[in-house]
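The chain below stands alone and is given as structure tokens, in the form predicted alone.
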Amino acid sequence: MQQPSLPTDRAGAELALGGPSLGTRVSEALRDPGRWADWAALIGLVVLVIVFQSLNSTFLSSTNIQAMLVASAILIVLSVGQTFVIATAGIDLSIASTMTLAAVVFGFAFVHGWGLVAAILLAICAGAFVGILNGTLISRGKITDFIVTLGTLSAASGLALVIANGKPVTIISEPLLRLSTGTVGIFGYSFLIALAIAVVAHVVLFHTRFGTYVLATGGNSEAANASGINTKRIKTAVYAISGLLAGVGAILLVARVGAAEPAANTSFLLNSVAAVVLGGVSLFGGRATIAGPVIGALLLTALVNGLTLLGVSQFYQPLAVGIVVVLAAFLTRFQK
């Protein structure tokens, strides 16, 4: 009895096997730019690590890894706050200035005898207040988020200069010194705090009703309103979260530099947005992740660190960051 011949063409083979072959699925995945967009930050980080380690063997030394993780802590905290805002299709341009204002408020309170804990709470409240102000003006006043946060960017920077009289305030505190230098293995205390904040944010965004409302508001605000979600309250809340985390970032910044600087560092604003874009969060709202921006923050920190180790002028570092961000933004066009 003649045995039936096996199909020799690819379509026939896939049919006989009950679906596309493994090679076909892998090939299709590699050709799908949407999959690359979803993994852009992680792929970029792995590539950077391989390249910089091959060019400088100290890049993956325990000392340098620890330094990079500590350096990324502030950016991680700010990126998490920015993620909540961007998830609702907004943007917080004032986040770096809010951090500066909170740092100055902390310094003012500390040197006037408020005590460490009270000064920390006051700084965080100052950051949250700016966030609530932003959210209220945007949601209740119906003013564009770009205009509101651009205005508070300037106002917060100016207020910080007024409070500090334009001069940095030196902070001498043993607990803050331990916060900036203490480690558990290769993980600095500041990085562990940032990681804990990211974990809590992930739980809030993906395992609570509030997180569902945030994504629904960003996905379709009108539909969310029609379903009973108070989108005005949600928008106020996400800006409050961004401001509060800017206050936390201020404490980490003061601990790291040992002073409350009244001059705002705009690179934190640009990099916080860049980390969110690298992490695959949609700038149009409704699509977000916490792990992505964290990896994006690590990627940007590793990029600057690696270029510094290679002796590349700091003038070229913003150029490199800009190129990486534009490439990531291009990939987001293909996100599913």
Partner chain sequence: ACGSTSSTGSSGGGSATDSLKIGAVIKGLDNPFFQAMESGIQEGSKTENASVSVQAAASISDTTGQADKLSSMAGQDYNCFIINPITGTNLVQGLAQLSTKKVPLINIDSPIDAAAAKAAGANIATYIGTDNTAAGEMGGAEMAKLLPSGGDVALIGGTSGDVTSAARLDGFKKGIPANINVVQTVAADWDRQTALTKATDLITAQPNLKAFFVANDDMGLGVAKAIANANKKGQIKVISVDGIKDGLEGVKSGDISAVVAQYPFVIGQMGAEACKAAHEGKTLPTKVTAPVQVVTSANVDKALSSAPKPAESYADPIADLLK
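Positions refer to the first chain, counted from 1. Since this is a predicted model, take the numbers as computed values, not measurements.
If you look for the form predicted in complex with the partner chain, you will not find it shown, but the lines that follow are about it.
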Legend entry - Contact assignment for the partner chain in the predicted complex, among L121, I132, A259, L192, heavy atom within 4.5 Å: A259
Inset, instruction - Consider the chain as shown here, without its partner, and state which of V104, I76, V85, L253 has a heavy atom within 4.5 Å of the partner chain in the predicted complex. - result: L253
Inset, instruction - Tell me, yes or no, whether G113 is in contact with the partner chain in the predicted complex, where a contact means a heavy atom of each within 4.5 Å. - result: no
Legend entry - G166: touches the partner chain in the predicted complex, heavy atom cutoff 4.5 angstroms: yes
Legend entry - Residue contact check: C125 to the partner chain in the predicted complex, 4.5 Å heavy atom: no
Inset, instruction - Consider T308 of the chain shown here, and say whether it contacts the partner chain in the predicted complex, taking contact as heavy atoms within 4.5 Å. - result: yes
Legend entry - Residues of stretch 155 to 192 in contact with the partner chain in the predicted complex (4.5 Å, non-hydrogen atom): L161, N165, G166, K167, P168, T170, L177, S180, T181
